[in-house]
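Coming up is one lone chain in structure tokens, specifically the form predicted on its own.
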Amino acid sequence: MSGIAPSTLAPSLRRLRALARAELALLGRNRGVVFTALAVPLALPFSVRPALDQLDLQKHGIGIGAAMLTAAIGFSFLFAVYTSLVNTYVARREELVLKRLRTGELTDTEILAGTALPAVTLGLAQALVLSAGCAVLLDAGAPRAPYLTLLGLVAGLVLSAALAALTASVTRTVESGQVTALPLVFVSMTGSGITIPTEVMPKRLASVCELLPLSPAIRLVRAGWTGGASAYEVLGALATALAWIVVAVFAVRRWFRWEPRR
């Protein structure tokens, strides 16, 4: 077994790296997508600052720095990864790039993962920069349970990429991608704890919002910073995140469209 795994893993990694480099070059040429992915997560958290100032965050053990940090990372999930990847998958499908890639050595999983890798890497780098910036500029301090924040980042990035592929399946054109991606963006911003922490919501509403796709990742990121989550809450968030990832991956494998929607 130990001799087989490296021989099959190394070629796959080489193919992923080559596809990711090509996708990164194409991404760099789309200035609109790059601007949205980079600027929006940096600017939007400051727009929610007035609303956060009206909430009694200290009562729930959440500082303003931690709340804005979580908002910034949530916006990275939505704009640096999710919406940019919806456009990328649709564009590559309509240009027959995905169809041509399937005729080569790449597997379907490698094609989807390699296409997503630049956006996911950008989202991760942005989240790390935002974490450092908020820790210094907003006095957010260091995370009390960094492993929870890391788990939240991984869950949020993987799920954002999977949901982007699923959304691309029902998106006809790159132009309509902004419309088909809007429902998840709006629901996540308002209900997943990005703009308003679920901890300050009424219990019944919070219990519903905690089941939304990105809610577990946001809860884990915030819990890692504040250290205020119990083992039961952490396990619940992990279970919900894993369930959404499994459902999203299954749906992508079942319904992702490789042919142009014409």
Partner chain sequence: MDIDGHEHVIEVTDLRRVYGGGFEAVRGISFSVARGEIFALLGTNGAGKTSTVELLEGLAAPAGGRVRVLGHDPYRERAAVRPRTGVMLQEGGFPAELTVAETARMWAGCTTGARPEAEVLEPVGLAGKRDVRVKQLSGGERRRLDLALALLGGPEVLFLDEPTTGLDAEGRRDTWELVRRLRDADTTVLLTTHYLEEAEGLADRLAILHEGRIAASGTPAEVTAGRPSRISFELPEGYFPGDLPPLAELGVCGHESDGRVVRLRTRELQRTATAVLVWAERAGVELRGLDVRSASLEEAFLGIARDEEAAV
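Since we're looking at a predicted model, the values are computed, not measured. Residue numbers count along the first chain shown, from 1.
Keep in mind that the form predicted together with the partner chain is not shown, yet the notes after this line are about it.
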Tell me which of 149-157, 184-192, 115-123, 98-106 has residues with heavy atoms within 4.5 angstroms of the partner chain in the predicted complex? 98-106
By the heavy atom within 4.5 Å rule, which residue out of Leu9, Ala251, Leu242, Ala25 makes contact with the partner chain in the predicted complex? Ala25
Quick one: does Lys59 come within 4.5 Å of the partner chain in the predicted complex, counting heavy atoms only? no
With the partner left out here, check for me: in the predicted complex, does some heavy atom of Val247 sit within 4.5 Å of the partner chain? no
Answer with yes or no whether Leu238 is in contact with the partner chain in the predicted complex, where contact means some heavy atom within 4.5 Å. no
So in the predicted complex, does any heavy atom of Arg204 sit within 4.5 Å of the partner chain? no
